[in-house]
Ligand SMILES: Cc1cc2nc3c(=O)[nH]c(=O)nc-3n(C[C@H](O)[C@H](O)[C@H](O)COP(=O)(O)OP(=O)(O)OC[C@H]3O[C@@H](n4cnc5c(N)ncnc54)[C@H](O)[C@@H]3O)c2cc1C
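Only one chain is shown below, in structure tokens, and it's the form predicted alone.
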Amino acid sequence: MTHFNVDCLITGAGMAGLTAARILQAQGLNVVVLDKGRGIGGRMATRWTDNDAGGRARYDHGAQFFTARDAAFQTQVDDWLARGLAKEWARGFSGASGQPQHDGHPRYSAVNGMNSLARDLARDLAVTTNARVDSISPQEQGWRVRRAQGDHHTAASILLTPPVEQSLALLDAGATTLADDTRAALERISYDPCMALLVELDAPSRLPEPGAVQLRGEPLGQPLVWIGDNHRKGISPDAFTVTVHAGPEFTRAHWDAPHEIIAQRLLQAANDWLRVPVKRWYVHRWRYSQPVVTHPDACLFTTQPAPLAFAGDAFGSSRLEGAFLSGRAAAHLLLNR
């Protein structure tokens, strides 16, 4: 059995976890990041497959773009822009009518897919993937984190960035007791799910400029909330790929449905915007896609029973910028305490 002693252990290598890790490590702390997935990034997810022409078909299948309204996040975005990792995609998207709905505020995309930004944040960090945590329990001088592989870490402090339900399950497995008000605040947080359909087309899509539509979704009987053209966005130059996101009601109703049924219904709903033959498709389920009840603060921090912080896009403002600001806030609290 292997023992690792660290100043801070972070679960989840998404935007919040990686942002916090960079700040803590820059201040001289020994930081380890664990992620149960095969790769990093969380919903900063880009999938690729080989296509018939010998190239690659790429899809952003989680977060599609990001905005920057806070000065701290704008500084990070400006760095990505300067290094050619990100670009401005549009200043608004078309709606159901097909007419552009510009508001003058930039929407940014990653030049090589959203996951490339996660990989940039992870550079020089100690990140371990395929690292499933079984339990987190308090011990003298901090925490004990047991992994499914039988190894364990000891850490002076912990930062949990997965969906809150999953974080609480890890603490429960370690018989960790939180204060009643802390537990209640965390249990109030909730998320909507999302079904993503990744489609490779035989020809360019007919999506209006700038290559995406944002739809009102299910209140109008429309199961879709987003259709985005990855080829026109620039991340899939070798293939005509499109990402389709279903709304939460459709997703809940079809969560256990066969992939063929899901694809058939979503392709039918998207047909007016695609209108070209489909070569292949893939279905991906996001159980915790969009926070709908969030915590009012950028993170939640407690010292009982030991230094512990919760962060992610369910804290403060949601989406990618919110996750960045949450990870940043958690890092500074951990440093100050």
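Don't overthink the numbering: it's just position in the shown sequence, from 1. No experiment lies behind these values; they were computed from the predicted model shown.
Note that the form predicted together with the named molecule isn't included here; everything after this is about it.
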Only one of Gly174, Gly247, Pro162, Pro210 gets a heavy atom within 4.5 Å of the named molecule in the predicted complex. Which one?
Pro162
Which residue, Ile262, Cys194, Ala239, Val77, has a heavy atom that falls within 4.5 Å of the named molecule in the predicted complex?
Cys194
Stretch in contact, per heavy atom within 4.5 angstroms of the named molecule in the predicted complex, of 274-282, 24-32, 294-302, 61-69:
61-69
Going by a heavy atom distance of 4.5 Å, is Ser190 a contact of the named molecule in the predicted complex?
no
Can you tell me whether Met15 touches the named molecule? I mean in the predicted complex, with a 4.5 angstroms heavy atom cut-off.
yes
Is there a heavy atom of Met44 no more than 4.5 Å from a heavy atom of the named molecule in the predicted complex?
yes
Hey, in the predicted complex, does Gln149 get a heavy atom within 4.5 angstroms of the named molecule?
no
Each of Ala57, Leu198 and His231 near the named molecule in the predicted complex, meaning some heavy atom within 4.5 Å?
no
Listed by sequence position, which residues of 277-309 have a non-hydrogen atom within 4.5 angstroms of the named molecule in the predicted complex?
Trp286, Ser289, Gln290
